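Only one chain is shown below, in structure tokens, and it's the form predicted alone.
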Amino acid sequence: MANRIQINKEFVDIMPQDYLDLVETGTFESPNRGWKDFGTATELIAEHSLCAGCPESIAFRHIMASIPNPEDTVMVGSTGCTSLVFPMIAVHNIHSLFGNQNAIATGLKRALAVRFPDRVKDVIVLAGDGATVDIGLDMTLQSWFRKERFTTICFDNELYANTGGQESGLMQKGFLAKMAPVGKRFDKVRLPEIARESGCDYVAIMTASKPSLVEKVIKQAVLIAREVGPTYIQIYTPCILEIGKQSMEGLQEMRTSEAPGERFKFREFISPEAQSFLDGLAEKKKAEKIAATT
């Protein structure tokens, strides 16, 4: 990515090796970047301070590898476990107050359009279920009502993992947690359905167990948000500590929860406008492939 980011020659000898590697061999500006770059190129997130085996770290890595234009992307985070990772990613990011991440993203997206009228700037919100569906629901919905063109990603671990295991609106009915000893008394809030009814042009619910699927969904969501309207992705990232799992059991927990009939079985909604846009992209890609072989 030497065309976009260069190290001042006076500082080269004091820069950490991982930063030098990122500049020299990172996946910025690569049109075909994806999760398969892990192990062959410097990742956009080299380390993190989450718990060992945390599914959020898996989801974070897959998302970072799937963003179609990382050099022109700004991510907006919120208080929670994810806020421990944002300082360690090689993408511009903003830490918002708990719950107002979609309001911050709204102003940011509009300001970037004014500041960089000739360059595509993607904005992505990434927050937990507490920030998205509980404390920040008003601002989440209002951004969708206004058809703000950015992607909202919710890391759904079905409770407040960062503060001891309190009940959230996305917790399963009847689930017992350390700070919710009587059990959840109502069903899991159907936020994907609410997103669809609130104006989102693309909605997906999934886990982070299949990196190729995460890559496809993230790229679709970001590109649709660019040209059509708001998009929402809900990814199950269970807190293995709060649900009593071992550090190596997070992946299996996600796989179990995405089985047929389970609450995180993959499903997506694509509006007619978004489908037309995706069809156009597919036709363009097909034409480019044919042209390259002739």
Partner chain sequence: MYNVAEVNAEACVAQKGCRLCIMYCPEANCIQLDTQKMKAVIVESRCKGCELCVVVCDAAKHNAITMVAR
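Residue numbers count along the first chain shown, from 1. As the structure is a computational prediction, the values presented were derived from the model and not from experiment.
The form predicted together with the partner chain exists for this protein as well; it is not shown, and the discussion that follows is about that form.
- Proximity to the partner chain in the model of the complex holds for none of Ile5, Leu108 and Pro117, with the criterion being a heavy atom within 4.5 Å.
- When the partner chain is considered in the model of the complex, Ser49 lines it closely, a heavy atom lying within 4.5 Å.
- Contact annotation for Arg33: none of its heavy atoms lies within 4.5 Å of the partner chain in the model of the complex.
- In the model of the complex, the partner chain sits beyond 4.5 Å of every heavy atom of Gly261.
- With a 4.5 Å cutoff on heavy atoms, Phe266 does not count as touching the partner chain in the model of the complex; it lies far away.
- Per the 4.5 Å heavy atom criterion, the partner chain in the model of the complex is contacted by stretch 208-216, the sole one of 174-182, 97-105, 153-161, 208-216.
- Of the residues in 12-30, only Asp18 comes within 4.5 Å of the partner chain in the model of the complex through at least one heavy atom.
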